[in-house]
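Next up is one chain by itself, shown in structure tokens, the form predicted on its own.
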């Protein structure tokens, strides 16, 4: 018989819709689990706020999800992870999984050339990223690329089109594209515009994000702690049908919830 705790949902939160890119990978990796997704749209974006503000906001969201009842928490936001995850882990007994720029897999590709790291200004200034970049400094040339304002464009425009194209053109114009081996997406929002980034920088450049690695890590942690939901054993069907409860802070909750579901549907996932 399963422990009652294994039937609890997995909590996932971000400042907005960016974490949906993570949620999609979690559902694909753990198709029998239930999820609760919290988009803190009222306070989005996190990346241009002071650290203490982001920490407080993140802890408050974690508390909300903990009160609902979850068996694990995924902080699907690089900025929130960099400044708040240690404090959240101290408060709760359940596993707390975070995001960080996928520098390690980028370096381990062994490609010749610069590695660009696209992220919010706060993520790039954080101690966590500084230590990560320092660790790999002898193995690759790591170039931080702060993307101030990009999250706002993605949040406000469901079909990003021209505004994203113009932003990326301006962002990459001073960068010598020759000699770039890879781009690391250090914000979950940017995964949603991966094709636009490829078009702007060149199809021959490898783009890496941490979503798949995060999903695999969560599965491993839940398995080790005997927290996987094993009540259903049959093979999942495509499209995947996921059980997700959505919570959105601020205005336009229905509109944003619909947007989240549409983004999941684009990944072949239907929400029940």
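Residue numbers count along the first chain shown, from 1. Worth saying up front: this structure is predicted, and the values here are computed from it rather than measured.
Same protein, other form: the form predicted together with a small molecule, not shown, and the subject of what follows.
Although the partner is absent here, residue 154 is not a contact residue: none of its heavy atoms lies within 4.5 angstroms of the small molecule in the predicted complex. Proximity of residue 47 to the small molecule in the predicted complex: non-hydrogen atoms within 4.5 Å are present.
Comparing 78-86, 172-180, 135-143, 104-112 against the small molecule in the predicted complex, the single stretch with non-hydrogen atoms within 4.5 angstroms of it is 78-86.
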